[in-house]
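Just the one chain here, the form predicted alone, laid out as structure tokens.
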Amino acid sequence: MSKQCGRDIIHRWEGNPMICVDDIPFRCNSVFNAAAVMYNHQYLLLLRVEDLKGRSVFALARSDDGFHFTVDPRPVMVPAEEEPFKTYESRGIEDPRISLIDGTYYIMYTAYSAYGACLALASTQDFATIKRIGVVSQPENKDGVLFPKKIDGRYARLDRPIGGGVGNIWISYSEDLIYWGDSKVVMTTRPGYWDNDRIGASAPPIETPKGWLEIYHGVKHTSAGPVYRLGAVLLDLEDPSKVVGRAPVPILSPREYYERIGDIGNVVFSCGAVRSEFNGGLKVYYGAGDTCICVGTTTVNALVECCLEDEEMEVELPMSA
């Protein structure tokens, strides 16, 4: 059961932190930022694990209840050793997100090299064999997530390119998952708010009757450094470049010691959430302090209602908002 302290819309599991470095069966520095999906009636997490060289690799963790996980003995994916991917993954693979589309599990992740951060895409049918598809963006771009279904016959993704020194959330479309275009800005940072420095997509969008629910992260700079929080936004079902509603407050903020203290302090950062098919519940998996994996629970309806709160905000938003 989750501890309902009333401070955040997402309620932390009382057993957090859920996965720490001591739970990884191979030598590494830290574990954080996990994609999440249901596969063969099990919860699967694709963990970002930083090895002792300082590069990130991916490892699989498995659970029957979504709270107690066992990590596979070896990484399931490491930086590519052959071209054309070797050049762009030379400094690691980071922050995966998993979307199930037409029976295939697609993994969008960050390929990191001396040339910066790019989005890359891979696919799998069984999480035993992962096939790289391509590098699908130019730098500097991160936080890519695929919608779990096509929009008007095309694949769609949210991402976070850097423009003018600012990171906002954009949407792009593709016929083949390789070439992307028709890009539009979806939402921007909000001056004076908790997400005023940069924002980026977190978990893949969740389809609801009132719109696509997207959990995103926002960053605010303070005198002590950046603070990463989670927020929620509702996008139009037919044209997800349009914002239906955006939560005025964070849905999760770093408060506990394991979120405040770590390799990078004051961080909660999600790459995946799993929706219950029975009661509308939602398990949100997040990295804390770039040092461990945690889980929180809420409901889809609670997040949708938060997005639709009628509160005036004097902020600069794109015309579509």
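What you see is a predicted model, and the numbers here were worked out from it, not measured in a lab. Each residue number is its position in the shown sequence, starting from 1.
Form predicted together with a small molecule: not shown, discussed below.
**Student:** Determine which one of 250-258, 265-273, 292-300, 23-31 lies within 4.5 Å of the small molecule in the predicted complex, judging by heavy atom distances; exactly one does.
**Tutor:** Heavy atoms within 4.5 Å of the small molecule in the predicted complex occur in 265-273.
**Student:** Only one of E214, E89, D95, D195 comes within 4.5 Å of the small molecule in the predicted complex by heavy atoms, so just point that one out.
**Tutor:** Exactly one listed residue reaches within 4.5 Å, namely D95.
**Student:** Looking at the small molecule in the predicted complex, is some heavy atom of each of F147, K210 and R246 within 4.5 Å of it?
**Tutor:** No, none of the three is in contact.
**Student:** With heavy atoms only and a cut-off of 4.5 Å, decide whether R157 touches the small molecule in the predicted complex.
**Tutor:** Heavy-atom contact with the small molecule at 4.5 Å: absent for R157.
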